[in-house]
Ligand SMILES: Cc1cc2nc3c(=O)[nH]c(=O)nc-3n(C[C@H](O)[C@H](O)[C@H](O)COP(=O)(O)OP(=O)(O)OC[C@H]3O[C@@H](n4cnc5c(N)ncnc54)[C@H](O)[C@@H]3O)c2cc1C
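Given as structure tokens, the chain that follows is alone and in the form predicted on its own.
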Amino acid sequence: MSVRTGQEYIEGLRRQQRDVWIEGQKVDDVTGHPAFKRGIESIAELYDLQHRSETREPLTYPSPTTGEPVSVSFLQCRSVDDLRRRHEATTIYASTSGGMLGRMPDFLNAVLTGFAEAYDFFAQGGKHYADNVVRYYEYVREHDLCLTHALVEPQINRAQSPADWDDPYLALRKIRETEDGIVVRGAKMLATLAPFSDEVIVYPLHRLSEKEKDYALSFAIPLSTPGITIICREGYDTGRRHFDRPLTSRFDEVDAIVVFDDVLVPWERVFINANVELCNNIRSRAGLLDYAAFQAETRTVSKFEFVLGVACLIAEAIGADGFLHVQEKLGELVGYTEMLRGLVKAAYLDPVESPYGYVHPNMKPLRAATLLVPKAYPRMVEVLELIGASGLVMTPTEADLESEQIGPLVRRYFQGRAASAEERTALFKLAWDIVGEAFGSRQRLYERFYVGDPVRLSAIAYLTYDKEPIKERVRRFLNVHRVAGSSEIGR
């Protein structure tokens, strides 16, 4: 196979028999359900980009095995140019949603590519597991599948490990092995895009202890596998017009919990089997998730640019762009956007060699980006809220504009200094989706926590940073200028 079209992606979902639930109702066909339909169509548009004349070349490359075009998101990088191609492809995808689709298919493709490169890492648990990873990577690449992942245990009792819960089978664990594979039971979340995806990859996010050995698993499996139930959060797309909910109506990617009820995972789909050390090193071992971090921060650059653009247009539309305090706030957003852009650019222009012999983005600036985004994005939304003020609430609908009776009044009283009523209303509806709707609230929460607890991330940044060279520079400075007869500093 080659890269899929959007229609082929949709038809693939339609053919699957899956146990998907939303708001207490089982969904027989996710492609036709109102909570999913328009989001699925947005993902389908990403697949179609791979076939358009203007984007086919930057989004695909020849398969190493068949020569047919496959997604650049599977490219194993050997040079800065390869990294630049990954960056360009993600930027093209992200631009279609203003960076608001956090789980575009290229994200899990990036995760899987990093796994496949790390053959020696998975081989520590057994060569056959490493072979499984590589074969699965090639399978997904050649079939252009859409994946989600499920990493986190249900929030039942965070004061205890899952092994100490009254019911130790609430979190996903292995219950037995058979000739055909391992049998697992329990649940994992937060599977963003699960109802839109073909398969799910599982691996632990948090560190495990030796008593949690049966929880130390990594595998991939079709979401249509018997025994899997997908329970979705409520849908944010309630069928409103695109004009009135321009983001919610297109890009609600829907999060879910995935429940495994004695599910058989075939041996060829198992990557880590009851190996605590390997599971604990997935996030910390250099190389495995570098491409994923690169994709995530590249996408977020598009998101920062988008919010900055909306804020600038609103300020101009209502004549607030001449006020010094508004200019100061917009300048703050410019600073966040350019800082993030610079960090991402530094990551691929100053690459490193991975432990497995590939060229990877430099994780130092990407780690700095993961510290910036959880603080900067909520502030950017706050600034957008401060500039739009009450205008964000008092906004008419497209139906108001179309009304023969009140349309003329709406067009008269909702115009802006530099915008017609239609233009101003469309702009404020877009801003409301970012600051006031459930969609926008979920986006803020997502950016705060999508790579983990921001407090812990900052602490880890300090603990793992190579501080000795800079501390030694300070010691040398103090010792050169110390008072005669005093002892050396730091000795």
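Please read all numbers here as calculations on a predicted model, not as lab measurements. All residue numbers are counted from 1 along the displayed sequence.
Just so it is clear, the following notes concern the form predicted in complex with the ligand, a form of the same protein that is not shown.
- Although the partner is absent here, Y450 sits close enough that one of its heavy atoms falls within 4.5 Å of the ligand in the predicted complex.
- Under a 4.5 angstroms non-hydrogen atom cutoff, the ligand in the predicted complex lacks R38 among its neighbouring residues.
- Shown alone here, L445 lies within 4.5 Å of the ligand in the predicted complex, counting heavy atoms only.
- When contacts are judged by a 4.5 Å heavy atom cut-off, T248 does not count as touching the ligand in the predicted complex.
- Comment: 185 to 193 is the region of 169 to 177, 69 to 77, 355 to 363, 185 to 193 lying near the ligand in the predicted complex, near meaning a non-hydrogen atom within 4.5 Å.
- With respect to the ligand in the predicted complex, the three residues Q155, R158 and V455 uniformly fall within 4.5 angstroms at the level of their nearest heavy atom.
- Exactly one listed residue, out of A150, V265, L217, I387, brings a non-hydrogen atom to within 4.5 Å of the ligand in the predicted complex: A150.
- When you look in the predicted complex, the only residue of L313, L205, L372, A346 with a non-hydrogen atom within 4.5 Å of the ligand is L205.
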